[in-house]
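Heads up, what comes next is one protein chain in two forms, each shown on its own as structure tokens, labelled structure 1 and structure 2.
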Structure 1
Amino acid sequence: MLLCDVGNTSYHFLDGSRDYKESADSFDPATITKQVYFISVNSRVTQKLQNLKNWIDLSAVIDKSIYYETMGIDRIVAVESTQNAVIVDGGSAITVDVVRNGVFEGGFIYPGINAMHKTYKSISPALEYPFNLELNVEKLPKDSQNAISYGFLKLLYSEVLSYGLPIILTGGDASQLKRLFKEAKVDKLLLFESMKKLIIKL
């Protein structure tokens, strides 16, 4: 069984236990001939996939009425398999969704590590530092690298911890974010596990 989660920048495949990525811009999905169960937040790619009979869109089996119209299907699928957690999905964006006692409370969208790095650089070349993911969140910074790291990361950290729920990190930057969220559980395949549960409903 082949599973695929299409994001803004890549196709993320799971083939048995092996996961790999292809570029959203250059990969041709018609080169795959076996059955693929997919979700996609990338409207350009979704359009292409609608013409391919072996690509099966799992979003069809979800009751979207408890979510909202423009909510990314990746966030919905992650929430669907969760009972009590804050799901932090770190990719080109960092999405944060809160599920308490099986009820989706809402969520927010924050820029991803790479996007935020570019943002600071674009404001001033003097702010082009790598982020310090081991920053001391207890202390206001007195140097430039920590001043941007604190702005980007500590604010996210405080918000995520404020819900008082277990934290699940997923997405391409999960391991990076684990350095900040030391108490969190990393589950890179969360989406795929949730997709498998949806296939049964087909």
Structure 2
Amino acid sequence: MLLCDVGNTSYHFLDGSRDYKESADSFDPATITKQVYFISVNSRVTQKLQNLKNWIDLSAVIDKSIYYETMGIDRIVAVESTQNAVIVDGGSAITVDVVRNGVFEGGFIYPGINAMHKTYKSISPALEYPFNLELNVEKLPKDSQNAISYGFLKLLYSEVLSYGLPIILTGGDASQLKRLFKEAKVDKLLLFESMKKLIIKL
């Protein structure tokens, strides 16, 4: 079974137990001849895939009416994977979605680690510090690096914990965020596992 999560910059494939990526700009999806089940947030790529009969869009089996209109299909598929959790997807942006008793309660979008690092750097070279993801967010810092880290991490940490639900970390920065959310579960293949469940509905 070949699965593909198409993002803005890459095709992320899962072929059995092997996952790998191809560039969204240079990869030709027509080179794949076997059946591919996919989701896509990249409208340019989606138009290409609609003309390929072996690429099957799993978004068609989801009831999108229970989500808001502009919500990305990757977030929706992640939400479909669980009954009770706060899903934190760490990538170029950090998305946080809350599911309680199988109902999507809502979510929010936060700058990603790299994006926020660039923001501080653009304010002043004196603020160019790496984030301390092992910071004690229960104590106000007294140095510049930890002050920057606290400003970025405290709000995210407090908000995520406030829902009192298990936390699932996914996305490219999941391992880094695990240093902050020590009790969280890391599941970098969450979307693919959810996609497998959606295939049953076809």
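Throughout, residue numbering runs from 1 along the sequence of structure 1. By rigid core we mean the largest C-alpha set that fits within 1.5 Å across both forms. All figures in this text were calculated on a predicted structure; none of them were measured in a lab.
Of the two forms shown, the form predicted in complex with a further copy of the same chain is structure 1. For L49, a C-alpha deviation of 2 angstroms or more is recorded between structure 1 and structure 2 after rigid-core alignment.
Once you line up the core between structure 1 and structure 2, the Cα of V186 stays within less than 2 Å of where it was. Core-superposed comparison between structure 1 and structure 2: the Cα of K64 travels less than 2 Å. For T31, the displacement of the CA atom between structure 1 and structure 2, after superposition on the rigid core, amounts to 3.1 Å.
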